[in-house]
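To begin, one chain is listed below as C-alpha cells, in the form predicted on its own.
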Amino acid sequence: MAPKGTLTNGNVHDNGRVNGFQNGRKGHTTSSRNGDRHKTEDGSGAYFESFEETPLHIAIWTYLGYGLLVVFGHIRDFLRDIGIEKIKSCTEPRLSGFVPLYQSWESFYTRNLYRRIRDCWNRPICSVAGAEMEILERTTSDHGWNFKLTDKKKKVMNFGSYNYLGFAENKGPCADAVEKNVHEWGLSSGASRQELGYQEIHKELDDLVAEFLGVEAAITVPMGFATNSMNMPCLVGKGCLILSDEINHASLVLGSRLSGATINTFKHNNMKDLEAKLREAVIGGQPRTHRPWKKILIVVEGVYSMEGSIIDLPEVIRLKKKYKAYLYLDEAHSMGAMGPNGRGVVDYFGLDPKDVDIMMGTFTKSFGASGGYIGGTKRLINHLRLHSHAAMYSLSMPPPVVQQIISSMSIIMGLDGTNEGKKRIQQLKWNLRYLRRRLNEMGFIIYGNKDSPVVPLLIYMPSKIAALSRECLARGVGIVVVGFPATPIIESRARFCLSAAHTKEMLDRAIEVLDEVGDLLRLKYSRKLLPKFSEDEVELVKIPTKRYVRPLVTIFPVPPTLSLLLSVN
C-alpha cells in the first residue's frame, strides 16, 4: 500500500483507506437508461452520485451519544421539577383539564439538546453575505440560555449562504441598477397583483423569466416558500394524487397538504419505486371507489439541498409520459447553478422545457434577491394569476428586488453584452468539483452529485456537530452544520454551499482548515474508492467581451425600443 498521504492510480485516500465502496442508500440507484448519463462508481461518467453507507461502529456510537443526551435531559428535567435546578426556559403553565399546547418532545429536544449547542446557529451577521462576511461575536454565561454581544467582529469565509453565482453583493452593475431603480419606482408596490400592484417592471420580469426558462409564460411571487405552498393548492385538489419524493422541501410538503389531494411518497430519486407507485395508481385508482384519479402529479426537486443529489430528470419525464401524469419541478437550488447556461437541471440534461408541466424556482439562491416563480403554458399561468393566494393576498415583489433579478438574470443570459454570466457559471462548477475532489482525497464522506452546488460532509456524532462548527469558525471558516431532526439521526452533516465568488486561495485555505479539524475530531471515515472526476474537465471563461444588447436598468415610461437605442448609442 502507498504511504499515507499519497495517491496510487487515483484510488487511495490521504488517510490510507482503500477498501470498500457503497454507492447506494435510501433507494439511490446506479442504473440508467437515458442518453449518455452513465452512472459510474468511480465518477468517470457524466452522472455521478455518491452515498457511502454509514460505518457500523460510527452508527452505534452516534445512537449511544443521542441516548446519553436524552437520559441526562430527563434527569435535568426531574431536577427542575423538584426545584433543585432553576427553570430558565419558557414553559407553559400546567392547567388541569387542558391539553398541552406545545409538543412535549419538541420542547424537550430544544431545551436539553439543541440549547447546549445553540451558539452554532443564529449568528448575527453585520456585513454583506458574500464570499466573506463579518460575524458579531457572542458570549454566554449560562450554557446557551442567553447570549450577550461583545461588540467584536470576526471576518470569516462564507460557506453557508446560497450565493451560488456571487450576485449577493453591494457593488457592481446589479447594485448600481437597483440604486437607480429605487429613485424611479420607490421601495414598495403598495398592493397585491390583483389590486393595482402589478407594474410595468413586474411584467418585464415575468416576460424575462419566461424567456430564460424557454416557456410560454411565467408568474413571479414575492416569497420563495409561498411559491410552492400557495400555488400547489390551485393545481390539484380532492380526487387527485400527489407522488412526492420522500425528502422534498417543507414548502412542497405544506403545499401538498393544503391542496387536499391524496399524498403518496416514493423513495428518494428511486425511479423503480416511482414507477411502481405510478403503476399502482393507474391500475388501482382511488381508495374504496377505485375510480380513476382526476390528476396524478409527480413532485420533485432539481437539487436536494440536504443530500446534494440531482433528480434523475430524464427518467422522471419518461415515466410521466408513459403513465400520463403531470410533473412539478422545484428548481430552487438548481436554477442558475446548474447547466451550461445556468438554466437548471433541464439545461443540465439538455431536455426540452416543455416536457416539464410546472417549472418552479426561486430568486434567493443564484440571483441574490428574494421571491420565486412558476413557468409553464399561458393557460397554466393565467389560471394562477386568477386563483393563486400569493397573487391575491400578498404585496407584489418590491421594485428594487425586481430590478436585482432582472439585472442578474440579464447577465446570466448575456443580455448585458458580456460573458460575465458564463464566467460565473463555469467558475462555480470548477469550485465545487475542486472542493469535492480534495475532500474525497482527504477521506471525508461526501454525499451528492459531482456537479451539485451543495457539498454535504458527514459528521454523524452529536458532539462533533458543535465541535466542527466552533473549530472552523475559530480558524476563519463559516459553515452550516445540520443535525436531527433536519437529517436522519445518524447522518448529521456540515453543508458547504459553494459560490462563484470563492477564489482558489479561499478554497485552499478552507481545505487546509478542514484537514486540520478533520484530524482533530477524527472525521475521516471514508473507505470508498476515490472518484475520477476532476475540475480540469471544466473550461473557465477568463476574458469577457463587450457587445451591448440590452440595458440592465429599465426606466419606464421610456419605450423599450427607445431605451435600447439609447443604450447602443
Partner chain sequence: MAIIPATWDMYEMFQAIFQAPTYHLIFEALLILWIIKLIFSKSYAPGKTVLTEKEKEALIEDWHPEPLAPDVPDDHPVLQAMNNNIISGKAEKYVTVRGKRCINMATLNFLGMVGDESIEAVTIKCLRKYGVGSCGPRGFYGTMDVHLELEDRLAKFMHCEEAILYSYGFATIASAIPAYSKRGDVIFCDEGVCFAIQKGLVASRSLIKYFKHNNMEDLERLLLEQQAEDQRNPKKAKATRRFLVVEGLYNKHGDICPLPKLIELKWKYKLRIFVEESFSFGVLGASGRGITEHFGINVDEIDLIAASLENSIGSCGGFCCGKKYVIDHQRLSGLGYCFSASLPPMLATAAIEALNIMERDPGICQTLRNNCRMVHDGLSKLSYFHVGSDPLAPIQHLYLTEPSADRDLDTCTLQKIADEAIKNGVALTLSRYLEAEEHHLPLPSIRVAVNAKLSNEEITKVVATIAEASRTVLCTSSL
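It should be emphasised that the depicted structure is a prediction, and the values quoted were computed from it without experimental measurement. Numbering follows the first chain given and starts at 1.
Below: the form predicted in complex with the partner chain, not depicted.
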Let me test this: is every residue among G214, G414 and D515 within 4.5 Å of the partner chain in the predicted bound form, going by heavy atom positions?
no
Would S189 show up as a contact with the partner chain in the predicted bound form if we use heavy atoms at 4.5 Å?
yes
Close approach of S394 to the partner chain in the predicted bound form, 4.5 Å, heavy atom
yes
At the 4.5 Å heavy atom threshold, is S407 in contact with the partner chain in the predicted bound form?
no
Using the partner position in the predicted bound form, report whether F225 sits within 4.5 Å of the partner chain, counting heavy atoms only.
yes
Segment assignment from 261 to 269, 416 to 424, 282 to 290, 440 to 448: heavy atom within 4.5 Å of the partner chain in the predicted bound form:
282 to 290
Pick from P462, G160, P314, P456: which residue has any heavy atom within 4.5 angstroms of the partner chain in the predicted bound form?
G160
Note which of M133, I247, A210, A494 lies within 4.5 Å of the partner chain in the predicted bound form, where distance is taken over heavy atoms; exactly one does.
M133
Can you tell me which residues in 184 to 206 come within 4.5 angstroms of the partner chain in the predicted bound form, by heavy atoms?
E184, W185, G186, L187, S188, S189, G190, A191, R193, Q194, E195, L196, Y198, Q199, E200, K203
